[in-house]
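Structure 1 and structure 2 below are the same protein chain in two forms, each given by itself as structure tokens.
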Structure 1
């Protein structure tokens, strides 16, 4: 038997079960081995009946005293009632269903371990359908697997044990010296310990090895994507005196803005292209960095392209950027899909002649037919909307171009390194002065009517509000649409009757969304009801309230982004989180929103409090699905994997050495699953 052997060749697996295994993504012995336990049952220290905690799954050791007769119940089901007692004489009533074979194996007056949830009262303890193991000669730790209906835990354990027994060897993708250096167990050994561990410490050690392996492969995969974007040697720019620029600003830049601008200015005068990420919380003033760079470029006679993910954002940038740059004699133009033909012609002509210094637009800017006189810098805003592969494509487009990326999504350093490669990082960790933090209220749905009353008061004063719709589980195709429409209608005809309410949802065409957004921005709409698609980065200074329904369903970073839609002017702003969850981790998370206003700190807390799941838009970056590792929990291993991958790729960039061939195969498989687009 080899790892590639089909699962069908295992004893007890025929076509039918093979089809069930296929549902779990298991087709070969190798797949089976990588179907890791979800958790373990620990039978090593069973409780007495009296000690067993009620409602918690646990192992109870007891003497089987009576086995009742088979009773037929409805639907062809059978039931058995058993009685057991522990040394103290405390009884336990056990009910079993449809397990004739198991019952036939049981012998009265023998000790067994019953694993399950103890229910009932202190006087009358019960267990329904427990797993039953002989008290002697059993492995103390048993694996529990993710299952599919038709495949039982027992079957999986037996097939797994068989595969592990019959497999002679398993090739190890981790190079031996690396394994030794990091004291990681060899693969077959680790495989045995992860499925049938001697104790839980061994299981953890084995799992850690596989997490490392997976993250190493991930880092090698992304590392090789970045390697393709080798830095080009280009003609360095002349240093530019920024004093006239600073003097012309209507405000004085923050210390963080000055620092970032200087970092960019230094990059621009080097003979390798700039590849820099500006990470700054919403409202930290990232646009100014792009404006300063465009100024430096223009003074060197070169052009800048600024790309935003939507037309409305592009228009917004046009307004703010031309206000800052035109007084300095620069020409700023806009080009989007909606630019009229005559205007487009005019812009393109001026662009080709080098008369336009800064061209703002959507990604259509880099399409064929748009010819720059001398493009020197491409700035992309809200980069997290682009996937890793798109990003790689993007930087190839403007070949000897400098690249500046601006993002409001805070991601841990390690993750940003693997996503963006050796992109240099500038952090805008200071907000312009005079901003008041958005006051955040946490209410339950019982207080919604009052909250809407509060919103009405603000609308009467000429202010605007966002209302984020309840989130629904994905289900029927049109559920999202229907619920958003119904919710907006209910508001418009009920609590917000007589007000101008607009609706924005994910199933609208981009054009329609832009129209609604524009009407809201212009003040024509007073309230905007939306699903989570509230356009990232859009500045509506008149909006001072955002109310978010089902707040518990959002990640903290997402809530922070949503909250960032308000508080963009000097006015006091409010964020109302509606949630009926009052206890547990979720409630704790929402409390974080009340006291914390710093996106980076919120991201850290999110990381600490959030269970497995999408992490900082990991999937948004089009990154592959991980089988074992969970980035929220395994950041430390990730850092180790990143360093090792970097070292490996330095020594052997294409992973061509024979001892890296398995690693290369794994990497290629993972690269194949890197998505093109964020989803």
Structure 2
């Protein structure tokens, strides 16, 4: 048997059960081995009946004294009543359902270990449908696996044991010297320990080995992407004196902005192309970095293209960048799908002649006929909206192109180094002075009427408000959550009757969304009821209140992004979170929102409270689904893996050495599973 052997050739599997395994993503023996336990049952130190904690799953060792007769109950189900006793004198009454084979194997007056939840009283204990094991000869630690209907835990354990018994070897992607250095077990040994450990310490040791392996492969994959981007040797630009640029600004840049500009300027004067991510919180001034880079390019006689995800954002950038660059003699133009034919010809002619220094636009920049005189820098805004291929398509319109990516989604720094391993990282961790924090209130649904009255008061003063709902239509996901469609109608006909109320949601066509946002931005609409599509950063200075319904449905980072839609001017602004959740981690998250305004600190706590699976979708950010590692819990191992990957790639950039061949294969498989990673 080899790792590539089909699962159906294991004894007791066959085609029918192979189809069930396929639902778990298990098609080969190798897939089965990497289907790791989600937890373990500890039978090593069973309780007596009297010691067992009520309402807690635990193992109880007792003498089986009576097996009742089979009873038929409604629906054709079978029921058996058993009794067990021990030296404490407290009886344990056990109820079993539809397990005739299990009952037939039981022998009265023998000791068994019963594993399940104990209920009852101090004088009489009960268990319903426990797992039952012989007291002698049982493994002390048993794995518990993710299952699908039709596959039982016992069945999976049996097939796993068979696979490990018959598999003579398993290729190990970790080089022997690295395993020795980090004291990690060899892969087949670790595989036996993670599935059938002698104790929980052994299980933890094996799991750590596989966590490290998975994160090392991930870091090698992203490190290889970085090396691939960086190896293009280009003609470096001449250094540019930035003092005239700084003197022309109508404000003083923050220290963080100056630092990021210096990092970009250093990149642009190297003989390899820049691939840099500017990651900054809402309102941290990322646009200024792109403006400074465009200035450096123009002083070197080269052009810059900036691609935004929507026309309204592109227009917003045009206004900001024109105000900053035109006084310095630079020409800034706009190109979108809505650009009129005559204006389009005019812009394209000037672009081809080198008369346009900075072209701002949407996907229209990628279209045929858009030809630059000498494109040297591509800037993409809101990185998760663009794929590598789109970025590359724009870069191919020039030679020796540099790339600058901007993201307003704060992510913990260590995690950024992993997710954006193919980009150098600059962090804007300082906000321009004078920006007032948004005051955040947490209320329950009983105070909603008062909150809407508060919104009306602000609308009467000429201000604007967002009202955000998590769902689009009533009945989605079978919940009673507020529906954007129904809520907008109810508000327009009720509490906000007489006010101009708009609706925005993800099922609208892009042109419809843009029209609604333009009406809101211009002040034609006073209140905008929206789903989370409002997250992406359109600047509406008149908006001073955002009320978020069912706030428990959102992650902290998402709530922080939504809160950033208000407070864009100097006016006092408010964020009202509506939730009836009073306890647990969700309530903790909402309390964090009340007291914290730093997006990076919020992201750290969001990751700790929810884990990365909820923090963001892996596919959204281009990460493959991890089978065993948890980016929230395994940060220490991740940093160790990152350092080792960096060392390996410095010594062997293409992983061409024979001892790295298996690691290279794992890396290539991971890159293949991701495809066109969004940036």
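Rigid core here is just the name for the largest C-alpha set that superposes within 1.5 Å across the two forms. Residue numbers count along the first chain shown, from 1. From a predicted model like this one, the values you see are computed outputs, not experimental measurements.
The form predicted together with adenosine-5'-diphosphate appears here as structure 1. Once both forms are fitted on their core, the CA shift for residue 193 between structure 1 and structure 2 remains under 2 Å. With a cut-off of 2 Å and the rigid core superposed, residue 241 has a Cα displacement that reaches or exceeds the cut-off between structure 1 and structure 2. After superposing the rigid core, the C-alpha of residue 595 moves by less than 2 Å between structure 1 and structure 2. Core superposition places the C-alpha of residue 301 4.0 Å apart between structure 1 and structure 2. Taking the core as reference, the Cα of residue 351 moves 2.6 angstrom between structure 1 and structure 2.
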